[in-house]
Ligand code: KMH
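One chain follows as structure tokens, the form predicted on its own.
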Amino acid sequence: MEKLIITAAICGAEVLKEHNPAVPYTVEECVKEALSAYNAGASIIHLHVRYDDGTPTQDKARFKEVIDGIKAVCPEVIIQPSTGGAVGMTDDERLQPTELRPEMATLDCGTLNFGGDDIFVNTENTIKYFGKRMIEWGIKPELECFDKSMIDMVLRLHKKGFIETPMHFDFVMGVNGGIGGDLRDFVFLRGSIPPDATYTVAGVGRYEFPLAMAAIIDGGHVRVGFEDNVYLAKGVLAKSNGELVDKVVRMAKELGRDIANPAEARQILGIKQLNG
């Protein structure tokens, strides 16, 4: 079985210090959290950025500041900027971090009801636009799928040339408006992707570690971090993203699965070279 790639989603756009005081806002806090995750065994840092007051932003300059800070302390790590942004942002606003030519970036593959009146809009044309940009600029997309229909969209747009192989999916499970986080749901998504594709599982809240276990056993990969879950165990707040990563490392070791370093992760995902 190939080595396990661990992604750390260190902050997200919605989770706040009110949920866990360790959630990073400032550049310095983001660098500290990225380093804690990397030292614990994460080879990918999934990155949202905020202003110092916690306001989410897709500002290219802010992304560059945070990315430069992370690269200064862990130069080998893969940094995966989010193009999801926050509800209400335009396509071009969301795409700003791709102008920095990262190795990877997320590509959300469908529209989702986030609760109340909040709708996370990703039309077919948006997905095509993002996919074409990533192909042109040599950016590896992580295909964010919150439901089975989004996998179907990916496969259809792949046939039309907007998404290239090898494909790498991220099953985001347990989000309001998306698929649940039960084992049945994981098996359904897992069986819906091509045999040559790779995948990561991001379980939200209480689903994080049970789904991590399922992915470790199945040969998939795992995402943890404050974006998805702020607890190390029921009622116990994690002190850092590194603690969440370390728990997955311990689970993997118990199951005989080795952890991929960034160079090995690039090989597994088909990332041919650093974009700078």
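The first residue of the shown sequence is 1; numbering continues from there. Keep in mind that what you see is a predicted model, and the values were worked out from it rather than measured.
There is another form of this protein, the form predicted together with the ligand, and it is not shown here; the text below is about that form.
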> Using 4.5 Å between non-hydrogen atoms, is Glu264 touching the ligand in the model of the complex?
Replying inline: no
>> Please tell me whether any heavy atom belonging to Phe120 falls inside 4.5 Å of a heavy atom of the ligand, as the geometry stands in the model of the complex.
In response: yes
>> Residue-level question: is Leu100 within 4.5 Å of the ligand in the model of the complex, judged on heavy atoms?
In response: no
> Does the 4.5 Å heavy atom contact test between Val23 and the ligand in the model of the complex come out positive?
Replying inline: no
> in the model of the complex, which of 188-196, 67-75, 156-164, 86-94 comes within 4.5 Å of the ligand (heavy atoms)?
Replying inline: 86-94
> in the model of the complex, which residues of 209-244 put a heavy atom within 4.5 Å of the ligand?
Replying inline: Glu227
